[in-house]
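The chain below stands alone and is given in structure tokens; this is the form predicted alone.
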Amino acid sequence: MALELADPRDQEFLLFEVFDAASVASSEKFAAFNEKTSKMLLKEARNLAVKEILPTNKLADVENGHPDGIKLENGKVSVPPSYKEPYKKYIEGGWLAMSDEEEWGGQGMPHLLAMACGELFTGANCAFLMYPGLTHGAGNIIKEFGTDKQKATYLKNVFTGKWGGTMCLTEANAGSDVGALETVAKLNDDGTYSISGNKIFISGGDSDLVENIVHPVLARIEGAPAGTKGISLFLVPKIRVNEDGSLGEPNDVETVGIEEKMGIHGNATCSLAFGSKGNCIGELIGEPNKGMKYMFLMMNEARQGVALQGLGFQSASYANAVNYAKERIQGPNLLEAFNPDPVKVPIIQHPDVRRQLLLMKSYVDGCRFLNYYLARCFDLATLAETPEEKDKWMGLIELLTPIAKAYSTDKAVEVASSGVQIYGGYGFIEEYPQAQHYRDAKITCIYEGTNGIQSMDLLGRKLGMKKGKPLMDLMGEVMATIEKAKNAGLTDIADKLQAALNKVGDCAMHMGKTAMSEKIMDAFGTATIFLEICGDLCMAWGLAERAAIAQQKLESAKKKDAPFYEGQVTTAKFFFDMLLPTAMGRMDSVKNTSAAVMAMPEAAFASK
């Protein structure tokens, strides 16, 4: 059975019918990306993903030390051999820096189109895409905060994939609590810094895909304040770079271990020692003690990237499940159960299998809408003609980033689990693709800020940001969809979406007040459920928007397109009939703000 990725028809529906991606081509910045060109690029991305990257996913899914997996020998990491040719084609095509300026090796592509291409790549092999993905994040830090000399030295090498990049935050005693880090930077006479410390869980911390790796490293300058206020950011290359841009001698950066993980086996998750020989040199990025501010640029990009990873796992698992359900013959149709000689049918005819597929499709379609909407906000912010307009779109990005990261990844695990279930016993067998999607997806709920941290960010920072204006802007976007659904004749969906919007608004006001009262701990004990209902609202909004547009298209649709549009409306009705009522119940639980979480005695959680 051929493995599958995101549905091309659905991608084009979102791009050109829901979000009108081609409209940005009227601007000077994106003039080259009309609908014809965009479709051509999307087709090229799919070809690369399916023909070159997807076959490596299973090959690299092995434990460390296997001939086809990650190896660490003499302090050097080698990646799966199958990665070499796809990586070469990936960077030759300019896919690493799709939305960046051409002068630095980018394509200048709209973020929305890049998002669609990225879904294909990460759905094909998430572990592989983490190498260029983190490289881009490191490059973005240099672009935003580096000196002209740092940009000239590093940026094009990074954005073209000639050199790699990482994100070095985590330490053994400073996981989510970054302020507790122990890595130290000592100022040298020439203005550079001597770096000493150890970092763990560094994705793509070393590889033989590239000739050099640039590490953005968080460290504390000697004498700097404690906590996050005293953290600075340094650029530490694996191999030092000479004044003329050529590579010099190795820096004192050593890979001392690679982790054996539950999933994403094809990515080298390294433990790195900086300055173990006393000779690690780094350059300060920006100003001292502002490292966390700078790193959050990369962190927010990474969180949006992880949301995309969640979508990639969902769409790949769902596509595989649909094909399997259409081909797997087992049991008679329920209506023929009492026939003495019933004909066995594909399992997609069985009601509970169809229910599971519709559940998967609801979340895939909803999360694709949410992730693509985020990308569209970036494009609208880029093209904004007034500061107020730009502020609106950037505020929506801030508000929706923790929701997209946490919800897309939580649902990735749920959808991947259903993907295993559709295959039955074969889903549990490693010969088939679904088990790997299930294992690989779980890390997305953990790294780049656990989903619990995303809920704290939403409640503690984003909810009241700018006096609640981003939340009001989001509610305005949902209201526009409600009107669109009414105009399309989908009054039942419109009414239910209105009720959900009102209830989430009430929950937001309640949570905001409670988080500022003596019940603050109880509020944060409910924060994850609050984020989940915000995600549920986004799913309802996205599916209603899809259905309203599809309903209007049905009036003049060609025969071959009618089933697709009908499917959009039916998927929305399924969500509003069967899943939204459960979400409405969760909204009630949020308003309860139970004290049980904090009231539970610690000794009562387990007995010795």
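Remember, predicted model here, so these are calculated numbers, not experimental data. Counting begins at 1, following the sequence as shown.
The form predicted together with a small molecule exists for this protein as well; it is not shown, and the discussion that follows is about that form.
Put simply, D457 is far from the small molecule in the predicted complex: not one heavy atom of it is within 4.5 Å.
Using a 4.5 Å cutoff between non-hydrogen atoms, D206 does not count as a contact of the small molecule in the predicted complex. Proximity of K261 to the small molecule in the predicted complex falls within the 4.5 Å heavy atom cutoff. With a 4.5 Å cutoff on heavy atoms, M167 counts as touching the small molecule in the predicted complex. Contact check at 4.5 Å (heavy atoms) against the small molecule in the predicted complex: all three of F201, I443 and Y447 pass.
Distance criterion of 4.5 Å from any heavy atom to the small molecule in the predicted complex singles out T269 from the list N157, T269, N251, Q304. This chain appears without its partner; in the predicted complex, the one residue of I453, A273, A224, I397 with a heavy atom within 4.5 Å of the small molecule is I453. The stretch in contact with the small molecule in the predicted complex, judged by heavy atoms within 4.5 Å, is 261 to 269, chosen from 76 to 84, 261 to 269, 322 to 330, 411 to 419.
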